[in-house]
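Take a look at this single chain in structure tokens; it is the form predicted alone.
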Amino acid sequence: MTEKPKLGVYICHCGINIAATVDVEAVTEYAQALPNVVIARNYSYMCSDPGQLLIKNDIKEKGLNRVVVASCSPRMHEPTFRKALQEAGLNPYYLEMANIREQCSWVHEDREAATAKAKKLVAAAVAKVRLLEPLTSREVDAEPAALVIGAGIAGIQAALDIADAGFKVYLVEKSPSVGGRMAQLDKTFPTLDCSACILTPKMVDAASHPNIELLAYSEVEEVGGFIGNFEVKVRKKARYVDVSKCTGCGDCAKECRLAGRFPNEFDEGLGKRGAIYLPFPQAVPAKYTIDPEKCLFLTRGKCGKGPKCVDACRAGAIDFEQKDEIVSFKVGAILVATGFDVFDPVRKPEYGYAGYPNVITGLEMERLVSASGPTGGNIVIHNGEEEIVPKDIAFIQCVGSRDQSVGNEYCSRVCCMYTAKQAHLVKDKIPDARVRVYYMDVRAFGKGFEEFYDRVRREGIRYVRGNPSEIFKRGNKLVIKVEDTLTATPLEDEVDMVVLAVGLEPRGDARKIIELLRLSQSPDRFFLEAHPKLRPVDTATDGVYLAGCCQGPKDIPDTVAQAKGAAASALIPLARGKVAIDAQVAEVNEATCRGCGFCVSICPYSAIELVTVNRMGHMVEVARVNEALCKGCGSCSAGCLSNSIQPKSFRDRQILPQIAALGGTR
């Protein structure tokens, strides 16, 4: 016999977030008169310990078997109140929340209307909670290993933290070497520490750590399974160099017939490399790679009388028979640290980047000022006839950031400070240079940033508030047209070199990661975290975490901090050895399922499959839910042609009375 519902309804003031717009006392009085409601209370902060204690005591003393909490979004505190029910001995899924903050008080100014709406929301919650059924979550074992995708500073730091905790880490990097964007930098702001000096030891540690398996020049091909039990396939791309034999001596690159023929990606195209190359001197692993799209032997089948690199390699490491290799393994958690792309200033044609070689990006300037760069750290430009040292240099900030015209309304956070750093480095290398910075606003938000910005201005760097409208050539000079918005003065500034402070953008190949891991994107197109305040490194896919600039623009300290946070979150299921599976999942009535497969194709989490069962002596196909993968989103239920699949706690018989209550009168 079904137990008679005995409900407790609890209305939260949320300080004044709710109480300022909703008459909480009136809603409480209204709730008390609803069917099966034994007690209705209100409290300033229901999520606080005293608020939860009210619920626990009433469950024990008044025999409550259902609870409604009218407060903020369930996304915020549903786990809090479920835990309170469980501690009082009640099934945690006998809870229903009415969102009277985000959906009511925050979107209304009329107190009477907001109060009436809050009453309806409470009535709807009461109508549903009476029909809820007890659910039980379960646990599954977790594989004690992690996958880290991307080996920039974020991926390296996260991998080291997890490995130091004693767990296996598979560190996958798309490029031939780890290091990411940070490896391209010369100095770091505001301390002017050598970027390579900070990064290189960590690169070496990651490659030599006994718990880290480094898979450089590799890409994740498939990810299946669920939190605690992800099944991963990684493609190790053929280097055509046996890394176990290669000593990194470089003899092969020197003898390559195409040495110095192709733009070096690491130097942003300012330097050259051959068909066989090492990305940069401190590369890890320090192993050469043959570019299959550039090598004559691989593209045409012959290279002169024979590949000179083969003869030059005394270790016998060149192997043109090498093939891509698929590596499979299981992990309990996945960290995404895929980084960012820099904005392509070709999309801002008014700045002349595509036409004028002396208009460069901030990242190209990093390679120019770097001692390991193509010019050995010397800042030089071509005036059409010879290389000269520029004496008039202008920096333009917010190129590709805070700009609706290119679809990037966000601030990239690093541009103001890397511009100040580069302006300082220019004055250090060319003391008599005249340097100016054109800016919209200066954002020096971090520790020591404002002090560094002040220091740079004291060094004679001139800051002009204005957004340049055009750059054109006049003789051997570049002319910047701009308005000084502080004095409302139009200016034409003749300079030798322009540096565009390009912003940070989501990677162009982000879609592949989204499809592999079922991630979401925020409006700025970076990967979306589960909650911006409470779960900043988690994603909607349990067991998948975000670190670094793939989640949004940030500087190196914030990137490292988030990487450590993501590693700590990933360590929770690994250390526990088990993960809890939510009970609010879809359920199939196999007796009525037609086996049409619509739900299989609709499910965004690949949680449903067709299986063959014996139905009254006939073998038929029916849908079956993998509860570990299911998120209870209800997409399958909406698409089911026979009404055979529904999410638990959101069945038609529970939702329809809720809808009816919303349509009632005050």
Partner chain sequence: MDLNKLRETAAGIVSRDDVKYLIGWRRGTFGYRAAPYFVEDAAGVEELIFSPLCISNLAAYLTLVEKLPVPRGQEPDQRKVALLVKGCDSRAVNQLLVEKGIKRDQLVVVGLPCPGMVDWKLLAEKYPETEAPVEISWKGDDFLLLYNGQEIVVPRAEALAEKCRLCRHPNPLISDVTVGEPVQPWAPAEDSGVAEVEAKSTPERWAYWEEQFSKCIRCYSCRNACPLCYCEDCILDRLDPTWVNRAVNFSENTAFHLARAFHLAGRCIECGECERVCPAGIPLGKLNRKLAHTVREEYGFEPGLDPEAEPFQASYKPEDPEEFIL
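Here the rigid core means the biggest group of C-alpha atoms that line up within 1.5 Å when the two forms are laid on top of each other. Here the structure is a predicted model, which means the values were calculated and not measured. Residue numbers count along the first chain shown, from 1.
The following text describes the form predicted in complex with the partner chain, which does not appear among the structures shown.
- In the predicted complex, Ala20 stays away from the partner chain, with no heavy atom inside 4.5 Å.
- In the predicted complex, at least one heavy atom of Arg615 sits within 4.5 Å of a heavy atom of the partner chain.
- Proximity of Arg594 to the partner chain in the predicted complex: non-hydrogen atoms within 4.5 Å are present.
- Using a 4.5 angstroms threshold between heavy atoms, Leu610 counts as touching the partner chain in the predicted complex.
- This chain appears without its partner; in the predicted complex, the one residue of Val38, Leu54, Ala26, Val620 with a heavy atom within 4.5 Å of the partner chain is Val620.
- Contact with the partner chain in the predicted complex holds for all three of Ser601, Leu641 and Arg653, each having a heavy atom within 4.5 Å.
- Relative to the superposed rigid core, the position of the CA of Asn626 differs between this form and the one not shown by less than 2 Å.
- The rigid-core alignment places the CA of Leu131 2 Å or more apart between this form and the one not shown.
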